[in-house]
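Take a look at this single chain, the form predicted on its own, given in structure tokens.
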Amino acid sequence: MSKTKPAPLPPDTVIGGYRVIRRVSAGGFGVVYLAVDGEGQQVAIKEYLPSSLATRAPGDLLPKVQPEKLSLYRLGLKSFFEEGRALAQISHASVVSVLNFFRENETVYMVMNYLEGATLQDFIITARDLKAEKVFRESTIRSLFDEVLRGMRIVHQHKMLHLDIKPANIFITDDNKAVMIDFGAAREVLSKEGNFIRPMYTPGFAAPEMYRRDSSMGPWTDIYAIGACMYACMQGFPPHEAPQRHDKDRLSIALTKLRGVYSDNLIEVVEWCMAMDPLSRPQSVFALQKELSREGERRYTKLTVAEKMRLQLDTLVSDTKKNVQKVGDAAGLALKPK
């Protein structure tokens, strides 16, 4: 039986001088509302409400936290509050604007600009469904991530990491601006301290070091996610998640199939960003920006017939090995004495 998610605040609830209009979205870490301020201006308000730690009945304002989970709840709350304070100091078109943050109802609320548009994830799904050769044009990918990287560079200069970059957290506004939303640093604190690491990460976009408690994270961790987002813009689907890549890494094969569709330079940039070893990735946003802006080095190498045959053969051999292994495992189970 699945655990019931905490109920959102009812419409017309007033918190911190803002009136809630409706719930916009809810995840494992919190709830986002559309609200209006005292002058009637629309804002987005994010409420700290981790479903793994807190419950709330419909109509209630205060979350309920079991005593054994209280210290972890407070740790996440403190981190969420500090994240709001840090983001409020950043003013950049590609970083969501935090207008206010406050404590109320034994939790914390972060007030942000209300953005109108759609997420990059929405655009990828729409473009993928058109079944064109290219999900996005290369020029679109380069200009989009140039914007995102400008914002991310400012974030890193403020000694912050995003830690949850994915297409669903890159918002494309109606006036065609790319904005990073829903930072995950506070969520990361809970992941390391609690026992629910995997559900808090987005498969395919989380760097390998995020799955290990003792690993060090830095700009290279966000850069892995940027590479994964570019991959999704090229393929229409996310890459395999890091633990799967440890067992069988087929990233190079997947990217090689895109030769001739996208330039060698862009393919190499994605592969560089998504290196399994953090030290093999760009160590700063500046290094990645420099490489991504190398317009003059674009080459579109078409696969030869022999290369296409080899790719198909490699894929076939790999799939055959997997099937043989599955059959062997099944046979082993069948022969095992009961």
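Keep in mind that what you see is a predicted model, and the values were worked out from it rather than measured. Numbering starts at 1 and follows the sequence shown.
Quick note: we don't show the form predicted together with a small molecule, though the next part is all about it.
When the small molecule is considered in the model of the complex, only one residue from 235, 244, 113, 140 comes within 4.5 Å through any heavy atom, namely 113.
Contact annotation: of the candidates 44, 292, 285, 53, the single residue with a non-hydrogen atom within 4.5 angstroms of the small molecule in the model of the complex is 44. Look at 100-108, 163-171, 236-244, 69-77: in the model of the complex, residues with non-hydrogen atoms within 4.5 angstroms of the small molecule sit in 163-171. In the model of the complex, the small molecule stays beyond 4.5 Å of every heavy atom belonging to residue 65.
Residue contact with the small molecule in the model of the complex: residue 13 places no heavy atom within 4.5 Å of it. Not displayed here, the small molecule is approached by residue 96 to within 4.5 Å at the level of heavy atoms in the model of the complex. Residue contact with the small molecule in the model of the complex: residue 21 places no heavy atom within 4.5 Å of it.
Although the small molecule is omitted here, in the model of the complex all of 25, 32 and 182 have a heavy atom within 4.5 Å of it.
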